[in-house]
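A single chain comes next, written as structure tokens; it is the form predicted alone.
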């Protein structure tokens, strides 16, 4: 196994009777990357992560973490790995501080290390203010941040997250994303794989994408490559009145525009080129006198995701 890939999955397969959840999957996660693990419901994401964390057994294949096959030696493979998979459960009568102390004792940390790490980690997951409050009184978002704190206690070099913002309210999602973003920015020698259904969250946090469907790998690459494979960007032009054919024709006639069509009361435009071209497009639209009052860039990842999933059916 390559030292540049802390996680490598080789021909992994999971069958439930006649149903194949993971179908000879191959996946490599680069060192120090933050990889978004994507796919529609039933694609095999959670099954793959559960095999990787030894919550279930594979039917066949191999899954390596730091060069050790978790299907053969899970204890050694999962040393130095932090996980948040499925809904985290806690002793509701314990506080965050007591919970992290308990986790530290289980994994054999010294009392001095437990004390220093607990303070550092509670600050990292933004729970210092509530460190002595009972977890039973916490929201799901706060519990999820404590779960991430538990995953950090063994100073891991690999973290595995299964939909860490699932079921959270907008505030909880924003807080969790901020914690994850800070973790990505502040940590050296840390590799993260995170499954998610929230594409703008993946765009915000991840530098790489692995997309699966029907248990098979569709694509894995840098997010900038997947999200901009043909050098185009989707732009939404909002106008004061619903656009007619003449308005659409004017927009279509602008430089670097490859398509323009009505999208509700807006204009959906595909522009080919770099950021400078898109700035020029904004200026050109403003000069058309079509009543445009807003031009916004759409997330290319969503467009690429839907296209790739459609092609893989």
Partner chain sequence: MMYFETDDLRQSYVVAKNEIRKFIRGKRFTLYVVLIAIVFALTTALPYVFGGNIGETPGDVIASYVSFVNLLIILAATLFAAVTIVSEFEERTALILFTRPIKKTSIFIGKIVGCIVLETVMIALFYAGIAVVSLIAAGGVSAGLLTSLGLAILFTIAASGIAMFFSSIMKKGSTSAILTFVFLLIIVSVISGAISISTDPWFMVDQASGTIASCIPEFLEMTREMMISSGLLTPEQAATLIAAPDLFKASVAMVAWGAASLILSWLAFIRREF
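All values derive from a computational prediction rather than experimental measurement. Residue numbers count along the first chain shown, from 1.
In what follows, reference is made to the form predicted in complex with its partner chain, a form of this protein that is not presented.
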- Task: Please name which of the stretches 54-62, 262-270, 32-40, 244-252 has residues with heavy atoms lying within 4.5 Å of its partner chain in the model of the complex.
- Result: 54-62
- Message: So, residue 79 and its partner chain: in the model of the complex, are they within 4.5 Å at any heavy atom pair?
- Response: yes
- Query: Does the 4.5 Å heavy atom contact test between residue 105 and its partner chain in the model of the complex come out positive?
  - Reply: yes
- Contact flag, residue 190 vs its partner chain in the model of the complex, heavy atom cut 4.5 Å: no
- Just to confirm, residue 45 within 4.5 Å of its partner chain in the model of the complex by heavy atoms? no
- Message: Please tell me whether the candidate spot formed by 86, 89 and 151 is one where all three residues come within 4.5 Å of its partner chain in the model of the complex (heavy atoms).
- Response: yes
- Work out which of 175, 98, 207, 201 lies within 4.5 Å of its partner chain in the model of the complex, going by heavy atoms. 98
- Item | Candidate from 197, 72, 133, 181 lying within 4.5 Å of its partner chain in the model of the complex - any heavy atom | 72
